[in-house]
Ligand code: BDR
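Given next, in structure tokens, is a single chain: the form predicted alone.
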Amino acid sequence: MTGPVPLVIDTDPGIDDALAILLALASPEVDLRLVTTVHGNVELAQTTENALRVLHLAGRSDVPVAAGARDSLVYRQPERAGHVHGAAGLGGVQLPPSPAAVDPRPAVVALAELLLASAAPVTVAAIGPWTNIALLLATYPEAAERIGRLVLMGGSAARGGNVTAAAEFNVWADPEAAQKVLGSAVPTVLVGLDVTLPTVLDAAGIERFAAAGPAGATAAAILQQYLDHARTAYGTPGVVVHDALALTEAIVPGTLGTVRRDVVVDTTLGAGRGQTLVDRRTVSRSPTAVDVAETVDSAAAVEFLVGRLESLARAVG
């Protein structure tokens, strides 16, 4: 195949989600065809509005946004993440409203139609809870088979969790959906806390794209609350770029060092709920195994992100 790879982002913006969307728009290797939204960091209506406004910030209101699942498959998500991302999800920054309306199709329908119509394999980057992806697998399996590559942000192989001692936020938000997705045979890369936590965007990097233009300055302002949270929660001198790292792998396959592993999700109601149990004893040959990201060149990943955001800020003006 020649030309950019068709890309869909399934997301719950969210500060780091906003950064990931901007990174995709700044990257000529991919063609962002659709954004689908899901419950997660904040309520669905707000994640959808945030997605529209972030696309408008980058001058790409032409990218359709379709709203998806309002809540988890079985049990309601216990709490949102407003304490991390701000009550409206973008760190207290008010972006200008988009002139575009929400796509009238449900997210799963929009995604299925795009997959079935695409002449080329589509990469799907799911960087919020995976409820929409689980629904796609259940209701449109013939469309799910057309996914060229599914890049998931979530889980952890060896570092424990970030919302509980055991669980990472996206998986914890809908463990039943996560188990459905990880048990499918779709070619999947799992980008978890093992590689995201060491990948830190510091103040110097933020200043670089902030100085490149108004869009960069706005992105930097959105990051400020997240920067404060990272210092408190992780003890890091900068922002942990969870979702942007997953998008980097979606844009440039092979950015992360991966190993095929069997992964299951704890769907019980105890203290382990939402934990991703990764069998690291051996390389798996199971058809449902996933490529688990285990190594990262963090400095190169951050430089990639900063450079692309600088370019986008200059282009948007």
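Quick note: we count residues from 1 along the sequence shown, nothing fancier. Here the structure is a predicted model, which means the values were calculated and not measured. In this text, rigid core is short for the largest set of C-alphas that superpose within 1.5 Å between two forms.
Omitted from view is the form predicted in complex with the ligand, to which the following refers.
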Stretch in contact in the predicted complex with the ligand, which is absent here, among 135-143, 229-237, 169-177, 109-117 (heavy atoms within 4.5 Å): 169-177
In the predicted complex, N41 touching the ligand (heavy atom, 4.5 Å): yes
Proximity of S184 to the ligand in the predicted complex, heavy atoms at 4.5 Å: no
Heavy atom of L90 within 4.5 Å of the ligand in the predicted complex: no
I127: touches the ligand in the predicted complex, heavy atom cutoff 4.5 angstroms: yes
In the predicted complex, the one of S98, N162, Q225, T218 near the ligand [non-hydrogen atom within 4.5 angstroms]: N162
Those residues of 241-274 which, in the predicted complex, come within 4.5 Å of the ligand by heavy atom: H242, D243
Displaced residue check between this form and the one not shown: Y75, CA, 2 Å or over, core reference: no
